[in-house]
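Below: one protein chain in two forms, given as structure tokens, structure 1 then structure 2.
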Structure 1
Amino acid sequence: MESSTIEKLNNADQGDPSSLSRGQRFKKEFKKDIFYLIFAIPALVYVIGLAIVPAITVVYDSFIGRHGFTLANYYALPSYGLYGALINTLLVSVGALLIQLFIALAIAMVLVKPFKGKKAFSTLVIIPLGISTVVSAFVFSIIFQAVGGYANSALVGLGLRPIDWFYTNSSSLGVVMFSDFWKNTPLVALILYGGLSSLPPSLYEAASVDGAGSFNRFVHITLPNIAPIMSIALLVRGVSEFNIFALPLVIIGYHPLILNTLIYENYSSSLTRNISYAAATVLLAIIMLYSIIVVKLGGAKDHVR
């Protein structure tokens, strides 16, 4: 290969492009790229200026104390409840994600089959998309009150004992999880429905002919075929779950803390602002690590069509 290129260079005719210098050829090939890059530059500059630069400042400031560089902000973090917040965030994220995925899959599987009232049901499913997060948080705080409230009145109506939903951390987080499930399941359902409805029906017919029951069809046909789309849904939602903020802030305030409420609480007072930066840096690090793993595992670029 090498030698033939050199040969070509030597017997190059007049005007043969291989007699052009490397620089000239590079310039020719990338002239077009530079032209098209110009279209993307405003958007890129925008996100660099308003996302990358701020992120760098946060990280930088997290290492700054009264007397210059310090790790004190990080050493102090545990006493501000970092570990608890981390665990709670993880619990809520994973929990909400699992419920969402499970129910969304059920919805998607119902929607791909024809049934009476399908149109009405698919419209109903859209509703949470149109209700903003703070509104749904507020409504769920009416439903789940410590004393009384609509959830408890339902329990009492059924002859059960009322519950103080915010008595323990786990039930508080459970309420947040449930609210989050309600708000975000439709989105996941639509993503999965898109994936399911793009599967060829012949796939199922062949399996039916082979005598596969509905459970077997689900395990051997549906699941493997929508696995790529499920992983994308997991990925997109997973990050958003980790960034959950308005919902816990409105429903449970700062008890118990999750990462974002920890950051926000300390940000609000100028005394602890650098603590807030340190916690923000921790959150940033976790999410960047997660997204790099995802991208490395062959995520984003192949899926944008």
Structure 2
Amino acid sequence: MESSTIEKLNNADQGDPSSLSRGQRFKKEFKKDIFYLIFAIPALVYVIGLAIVPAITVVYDSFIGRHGFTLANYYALPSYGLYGALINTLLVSVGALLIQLFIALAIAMVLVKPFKGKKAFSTLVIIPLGISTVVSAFVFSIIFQAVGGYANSALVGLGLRPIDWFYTNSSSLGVVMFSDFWKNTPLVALILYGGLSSLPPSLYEAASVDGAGSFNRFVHITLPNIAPIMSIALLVRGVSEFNIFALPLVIIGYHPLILNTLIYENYSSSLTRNISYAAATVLLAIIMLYSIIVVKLGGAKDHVR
């Protein structure tokens, strides 16, 4: 009896949760939460001050017209080219995302294997991340020039006819998509590489013993286990893709329009500023919907323990 009493007293002195009353446990957890909150305050201030408050202000102003609260700004959006800008944004964003995902997955699967020259290959893969978006956009605008561009010079060298890459909307958006893919694929590759590196080799060894080939191991082991990591990559890059601005502005200007160039073009005039707020609200709604879909389909819940 005495030994058990002494043991309880020792546990209480050492902060054993089972020996504390409900009030003491609550007080201890509250102090711990406050301690963590103190370190999170700068991030919270940053997010609230530079993201949440401006977003709420823009949404509110999008409903303000000459005579107060109104939906006139949204009714006017189609006449400013909303539908075309929306389609172009979806084409560029979804197309670039799919290209980045497939190429990045291939790069990550190469990087996860040991081979001679891996460091040099890794350096080449990461280089685009260090180049400014405006600089890379300017470089690609030179590459795809109709006259004297490097792309057409290569076609002529192969005996093919040169192409006016900015003659149609489709080809112009294709140039933007290609440029964006080159610039941002390394980020997706690094995220997927981290996920692939965390997979235990024992899974593949057991599958090989059971007779599973490379394709079956990829489909039934690799993809299901990196699904949460892929969802993170798609979420991070998807939000950035829908917000793409500097790259198309430098390469194609305001034609064809995408949502962000439409927003910027109308924001520059005080007469149409509320129109740009309405377009920005539409873009915000698309990003929120996309984020919800990715989180729901990402498979993160199945991997939470």
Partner chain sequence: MSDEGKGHWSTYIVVLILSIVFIYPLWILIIYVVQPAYLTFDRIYPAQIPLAFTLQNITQSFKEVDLVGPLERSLEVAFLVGGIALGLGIPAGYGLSKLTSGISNKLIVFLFIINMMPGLVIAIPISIYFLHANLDNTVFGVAFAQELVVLPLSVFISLSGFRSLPRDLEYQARVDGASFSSTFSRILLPMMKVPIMVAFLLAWMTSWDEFTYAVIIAPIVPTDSTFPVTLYNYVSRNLPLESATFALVATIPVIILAIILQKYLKGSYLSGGLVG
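Please read these numbers as outputs of a predicted model, since none were measured by experiment. Rigid core (definition): largest C-alpha set, two forms, superposition within 1.5 Å. Residue positions are counted from 1 along structure 1's sequence.
- Which of the two shown is the form predicted together with its partner chain: That would be structure 1.
- Query: Core-aligned, does Ala146 move its Cα 2 Å or more between structures 1 and 2?
  - Reply: It does shift by 2 Å or more.
- Core fit, then Leu37 C-alpha moves 2 Å or more between structures 1 and 2: It does shift by 2 Å or more.
- Rigid-core-superposed Cα shift at Ile292 between structures 1 and 2, Å: That residue's C-alpha sits 3.8 Å away in the other form.
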